[in-house]
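Next up: a single chain in structure tokens, the form predicted alone.
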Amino acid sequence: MKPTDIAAAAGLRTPIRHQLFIDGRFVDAESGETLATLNPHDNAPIVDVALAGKADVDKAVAAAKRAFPKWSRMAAADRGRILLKLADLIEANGEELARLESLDTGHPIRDSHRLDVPRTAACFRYFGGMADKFQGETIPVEEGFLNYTLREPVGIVGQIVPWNFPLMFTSWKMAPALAAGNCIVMKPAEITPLSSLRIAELMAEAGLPPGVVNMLPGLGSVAGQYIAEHPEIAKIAFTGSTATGRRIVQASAGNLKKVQLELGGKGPNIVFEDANLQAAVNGSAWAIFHNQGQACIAGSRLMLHEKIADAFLEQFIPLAKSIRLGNPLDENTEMGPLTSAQHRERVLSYVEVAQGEGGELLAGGKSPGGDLAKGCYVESTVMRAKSYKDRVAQEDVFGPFVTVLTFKTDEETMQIANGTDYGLGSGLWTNNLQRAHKVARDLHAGMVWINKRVNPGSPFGGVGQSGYGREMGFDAMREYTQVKSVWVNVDAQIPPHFAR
């Protein structure tokens, strides 16, 4: 099937972009290398995407370097207007972007359309509005002197986004960096680059000058490694696995890059005995099965108070089994395929791991048959673990796989919840306000949800092996700027120890 036929079958009105985007133009990779991106619904090829190498990274960095002086000195309000126009264009092309995202990643179309596209537009709109509102400070110092600070862009920023939410993560990374006046060399995941390339095209339409954003699909071991090493890139922002994050830090040491990492998670989702059971059941299902569990903030450790554990599971297990798997482009699909066959096999391998540790399989644990057998599907899987120290309660499975644990006391809750090396997102369900605030205080995590939510104005990031630095809000603007302190001798006084 030709790419044009695939695009038409998926309901796309424009050609699928598959080249590198450098200096405002789509170009082939210098090496001519490509990699087929596959439809995870049936593993059929969609299009051959250019693979960036070192020469392409150098070209992109040179383009960003040329664009930086003008872009960084542009009036902040003008930068903001471009981002606001981009947000409008994303909404105007929302149906196409949603279908492209679902085709490439397996994310159900109703979620791509209802969540991913609006969140992407909202992120660009938020930082477009913030561009001329992020400011320095005047500091009270001794008489005769004025001291103030400037917030300046760091320069050329390297950004690497993962394959699970490429559309949304592209906005999370680029919007604050651009609002602050930086230029960008971004590497989307080589297996899901299509929506990011379409965003680059819309950026040019919105009026973003050539070279400000350069989009380079490529292998992490080649393009990603070189972006992290590159001596003219001042900062690296990465979302992905903890193991890769460690390699990013090592590669960045050559020029002491500023590094921002949003890494893996093993989020506790705690249900206390006084919780609204129906709300907790529905919310917990969403927390783990949204996007097939391929989310760093997934509530993958379901912690139930022993008094309500049986009643909770009586509702939760049938709900998990009832989730409709299917073609992600079908509006009735509730859970699509995992993004690749390789990842499907990794997720399924944890069923055997769990059972080998004495775990009890309560639901799922296999790929479906029939019409979905060719795809990367895994049934909603519920596994009761024997101990919170088991591998399935410690390692990031990153799929529709929830580990069930029980607890008796609040003290035991914290021991289990904080009993991993990760510290990204965590959630809890209770009607006791005092307990909610106490647990939120004591959880070792960058984010705590008393009912889950994400907003462009709220900082997003982790602690421990879940990384450092924050996306979103004023904290994201701080991540993409550096402080310059300016001293003015207002009275033109000569320091007394040098006076004659």
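Predicted model, so just to flag it, every value in this text is computed and none were measured. The first residue of the shown sequence is 1; numbering continues from there.
Another form, the form predicted together with nicotinamide-adenine-dinucleotide (NAD), is not on view; read the next lines as being about it.
Check your understanding: Is W163 a contact residue for nicotinamide-adenine-dinucleotide (NAD) in the model of the complex, using a 4.5 Å heavy atom cut-off?
Key -> W163 belongs to the contact set for nicotinamide-adenine-dinucleotide (NAD).
Point to revise | Exercise: T239 in contact with nicotinamide-adenine-dinucleotide (NAD) in the model of the complex, heavy atom 4.5 Å | key: Although nicotinamide-adenine-dinucleotide (NAD) is absent here, T239 would touch it in the model of the complex, with heavy atoms inside 4.5 Å.
Check your understanding: Does E262 reach nicotinamide-adenine-dinucleotide (NAD) in the model of the complex, with heavy atoms at most 4.5 Å apart?
Key -> Answer yes; at least one heavy atom of E262 falls within 4.5 Å of nicotinamide-adenine-dinucleotide (NAD) in the model of the complex.
Review point. In the model of the complex, does D396 have a heavy atom within 4.5 Å of nicotinamide-adenine-dinucleotide (NAD)?
Key: Flag for D396 set to yes.
Point to revise | nicotinamide-adenine-dinucleotide (NAD) in the model of the complex: contacting segment from 313 to 321, 343 to 351, 128 to 136, 327 to 335, heavy atom within 4.5 Å | key: Correct option: 343 to 351.
Practice item. Consider the chain as shown here, without its partner, and state which of S367, T244, T413, N291 has a heavy atom within 4.5 Å of nicotinamide-adenine-dinucleotide (NAD) in the model of the complex. Key: Selected option: T244.
Point to revise | Position in contact with nicotinamide-adenine-dinucleotide (NAD) when the complex is considered in the model of the complex, options R198, K173, K187, K266, heavy atoms within 4.5 Å | key: Contact residue from the list: K187.
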